[in-house]
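Below sits a lone chain in structure tokens, taken as the form predicted on its own.
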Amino acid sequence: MTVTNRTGAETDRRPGSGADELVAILLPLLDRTTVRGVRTLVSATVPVAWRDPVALFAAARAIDDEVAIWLQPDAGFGLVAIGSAWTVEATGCDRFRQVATAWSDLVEGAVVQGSDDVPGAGPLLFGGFGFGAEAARSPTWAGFESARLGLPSLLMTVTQASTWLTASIMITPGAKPGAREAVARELDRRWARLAAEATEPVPLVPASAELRIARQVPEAPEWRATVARFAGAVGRGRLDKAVLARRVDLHADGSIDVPAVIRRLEATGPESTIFAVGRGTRTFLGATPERLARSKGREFRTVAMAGSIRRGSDAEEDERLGADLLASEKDREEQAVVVEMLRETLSPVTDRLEIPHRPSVVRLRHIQHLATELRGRLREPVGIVGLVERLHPTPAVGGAPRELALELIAHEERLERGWYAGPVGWLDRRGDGEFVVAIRSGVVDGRAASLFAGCGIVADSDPQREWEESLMKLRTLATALGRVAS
């Protein structure tokens, strides 16, 4: 399934359609900034003809270093963020509040015209937070700060019913009218060029690249030994659970075609959120099944996902394996730790919190998980970033108790997670939005790719079984990249 807008696709495929209207709206908005005397965000949103989001992403990569995509195929929802009109970076334990405050200050005096009733349309921030409070120092993560979110200059939003284009411009005090108009017309020209180059969808083709494993961090014997130490720590009652990650570096026989990889992830994981964030030659991308939080006003949703088993070869085996997963004491314990943490974290700040009595089984392409969806209503409108700050990292990617698990991970894991397992997502000018947990992910740079996977370790975790589980999780992205030599 691809993210499409049937109405737009059938009615209008003219290159640049909607851009003329965009400029006509932007110019009078720009005039309104002259009386403010302060830096001002100006943004306008118009309906446009549908473009394949992956094709638009591919076209934008050729002319801009900062391009990002967000696809939820089953929901028919997609975002393509192009360029950056404004960026916020932050580091340290209060990076979430730094981002929320900077964004709130910026949009307070914004001059905005468009459709406020369409989710994801209008000026928004798109980006992510690192797993840890400090930025990773490895070259793999260059450009991926501990918090970096950008306001796209151009944003295409695709819903099941419509397609929208948002243009955003930052106007500084003293900018001459001619300069302001030139910026608006440049955005017009850029959109017309991109729309013209994205008239044909990126085809779905099998992955043909040959990949070899260049490095694993750590190697299998060391990783299994660490699993045993984690399980021992849990068994002694030191903690309830800790998540151990590993990294696999791959080298391809040619440059990896990122848009083609995204198309394959979309086709094989329509129930997942497919994301990609570009920084220069590097792209952090993945297909995660795990929503960290989604908010609209005071209403929110989150998911507790943990416990895993492989897919069966047919429906009957799938059912049997799913039943085994539900009956697995080890997996139920691992997943219950996540549910309990969410309950303890959210109960003090909610008027209502709905938690199903038992988990369900979620089936993905290569793996099945236990999952519990939680819904609730916040007492105060803290916004999506406020929720993310409370929830990250959940025990699904960190452990419990949180601080003790993170201390153990920092001492034993011996790799930089960067944005792996961190929150990636978007928020609109009201502070609402959605963030996912960036698992089943990796960094692609030319012929090189670094993939990451982690496993939740409890007292009776078996090191060999955890190793095999990590291979299942790596397979999601690896098979979209190419064929890995054994």
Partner chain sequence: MTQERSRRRRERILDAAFHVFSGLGYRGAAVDEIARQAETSKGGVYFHFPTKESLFLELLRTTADRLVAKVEREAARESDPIARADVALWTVLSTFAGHRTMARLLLVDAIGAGPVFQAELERLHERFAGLIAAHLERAVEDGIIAPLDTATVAEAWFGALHEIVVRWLMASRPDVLERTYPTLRAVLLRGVGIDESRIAALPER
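Predicted, not measured: the structure shown is a model, and the values here were computed from it. Positions refer to the first chain, counted from 1.
The same protein also has a form predicted together with the partner chain, omitted here; what follows describes it.
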**Prompt:** Any idea which of 379 to 387, 410 to 418, 94 to 102, 184 to 192 reaches within 4.5 Å of the partner chain in the model of the complex, heavy atoms considered?
**Reply:** 410 to 418
**Prompt:** Which of these residues, 229, 310, 279, 251, gets a heavy atom within 4.5 Å of the partner chain in the model of the complex?
**Reply:** 229
**Request:** Identify which of 215, 238, 352, 320 has a heavy atom within 4.5 Å of the partner chain in the model of the complex; exactly one of them does.
**Result:** 238
**Message:** Whether residue 448 contacts the partner chain in the model of the complex should be assessed with a 4.5 Å heavy atom distance threshold; does it?
**Reply:** no
**Prompt:** Though only this chain appears here, would residue 373 touch the partner chain in the model of the complex if you measure heavy atom gaps against 4.5 Å?
**Reply:** no
**Asked** Is there a non-hydrogen atom of residue 65 within 4.5 angstroms of a non-hydrogen atom of the partner chain in the model of the complex?
**Response** no
**Request:** Check whether residue 31 has any heavy atom within 4.5 Å of a heavy atom of the partner chain in the model of the complex, and answer yes or no.
**Result:** no
**Message:** For the partner chain, considered in the model of the complex: do all three of 225, 233 and 329 come within 4.5 Å of it, counting heavy atoms only?
**Reply:** yes
**Complete:** Contacts from 454 to 479 to the partner chain in the model of the complex (any heavy atom within 4.5 Å), listed N to C, are 459, 460, 461, 463
